[in-house]
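Only one chain comes next, encoded as structure tokens, the form predicted on its own.
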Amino acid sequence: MTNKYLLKAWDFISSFQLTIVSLALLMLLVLFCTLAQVPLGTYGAVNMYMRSFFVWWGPEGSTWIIPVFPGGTLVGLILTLNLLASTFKRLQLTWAKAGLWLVHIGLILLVSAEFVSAALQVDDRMAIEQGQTVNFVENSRSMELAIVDVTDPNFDDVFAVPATLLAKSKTIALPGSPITLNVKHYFPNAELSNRGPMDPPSIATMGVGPSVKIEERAITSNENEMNATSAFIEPVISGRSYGVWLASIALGAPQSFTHEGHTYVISIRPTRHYLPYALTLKKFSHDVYAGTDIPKNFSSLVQISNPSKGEARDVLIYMNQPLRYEGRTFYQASFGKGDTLSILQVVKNPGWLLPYISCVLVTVGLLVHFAIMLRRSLKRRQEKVS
């Protein structure tokens, strides 16, 4: 009886009908994801429909949600298992089926590439002004609290705490520094405004915090909006409190305190990843079509400086021509400040080659299969003639 059910399950998993249903569901998910990009943005729509096991829904304003549709991760996983099962069930391991084996392996690799990208791809950005040298990239969807010792004019000593840790811990010791942080309150997203005479007093006692009113807001996933991550923190050194400070990505002015001749700047900023090399923007160009404001091309002439390799060379990054360097790809994404600021999208994706390999395998597989079929057809025709 057990074997009977196992055989039925195997037939179902390897069935062509499951392949068709999975592909149809993926087509619907692509449609839903495309339409959802208007209210949610690309990042939010992709996470909701393509990089989840289920698409969840709940009435507006309610606290409960229910799964209403299979997500891209679940459908992709089912399709991968289906392709594997059907390959081993239907295809014999012979030269005559070599082309079909390559096609199936290519399709499996193509679906698997999305899982690799979802798990390992990191999207950052680098904002660099003309004449400026930058050796870090930032992730605008992830925030950190930075305590920076700026005492040395030639070197900044940075102590960073991920915002997720601020949400979990009330007391955080900064390794390598004498500072312990007491987290009084954490806001994943908030709205800041000037404090009015009728507003209750702030828990902040230092910096601009006492004059700022803060109200918590729902987290946004829209790529055109940034969560105003904020926190009330109290730096403590050797039992001495340096007051309660309001740190927020929405505050532009730096805030600092001094301890034994060391000046520490407090801020919340996008998470930074420091690089073993630096880019200097030598020139930014913004070309438009004659008589219009429509962008024709924008490009950044940068110099790569990598002391560990003794490398210093110029590279031009422009539309559809990124820079691939040390496992990261730098795309020309945007610009600002009167064409003196270049914004590069920086992507780190260990699986970026998988879709290309997949396409090559599918193409070669189809050519091999057609060649085998053509040879077989010609052989049969010759046999009939003879």
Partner chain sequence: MKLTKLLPWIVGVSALVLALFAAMPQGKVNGFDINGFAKMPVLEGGRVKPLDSVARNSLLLIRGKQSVRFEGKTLSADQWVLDLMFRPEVADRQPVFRIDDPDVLGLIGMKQTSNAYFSFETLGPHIDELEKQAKAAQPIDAKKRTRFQSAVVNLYERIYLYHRLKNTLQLAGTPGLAVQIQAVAVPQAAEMHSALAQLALFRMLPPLAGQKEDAWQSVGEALEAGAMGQPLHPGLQPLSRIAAAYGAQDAAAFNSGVTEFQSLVSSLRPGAMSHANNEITFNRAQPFYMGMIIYVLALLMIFVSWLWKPDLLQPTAFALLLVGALVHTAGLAFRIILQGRPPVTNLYSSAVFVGWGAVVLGIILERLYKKGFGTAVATAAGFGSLIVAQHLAEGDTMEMMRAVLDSNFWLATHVVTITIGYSGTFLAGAIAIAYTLWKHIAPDPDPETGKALVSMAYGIICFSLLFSFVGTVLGGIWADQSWGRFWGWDPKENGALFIVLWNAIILHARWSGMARDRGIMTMAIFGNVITSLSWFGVNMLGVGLHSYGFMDSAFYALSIFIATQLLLMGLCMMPRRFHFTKPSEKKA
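Rigid core (definition): largest C-alpha set, two forms, superposition within 1.5 Å. All figures in this text were calculated on a predicted structure; none of them were measured in a lab. Positions refer to the first chain, counted from 1.
What comes next is about the form predicted together with its partner chain, which is not displayed.
Partner proximity in the predicted complex, defined as non-hydrogen atoms within 4.5 angstroms of its partner chain, places exactly one of 169-177, 289-297, 200-208, 231-239 at the interface: 289-297. Its partner chain in the predicted complex is approached by V347, whose closest heavy atom lies within 4.5 angstroms of it. Within this chain, P355 lines the site of its partner chain in the predicted complex, having a heavy atom no more than 4.5 Å away. Interface residue remark: V150 is not counted as part of the site for its partner chain in the predicted complex, having no heavy atom within 4.5 Å. With a 4.5 Å cutoff on heavy atoms, M50 counts as touching its partner chain in the predicted complex.
For the options S142, N135, Q121, T220, the one in contact with its partner chain in the predicted complex, meaning a heavy atom within 4.5 Å, is Q121. Contacts with its partner chain in the predicted complex, taken as any heavy atom within 4.5 Å, map to no residue of 166-180. Relative to the superposed core, P235 shifts its CA atom by less than 2 Å between the shown form and the other one. Once the cores line up, the CA of L353 ends up less than 2 angstroms apart between the shown form and the other one.
After superposition on the rigid core, the Cα of P39 moves by 2 Å or more between the shown form and the other one.
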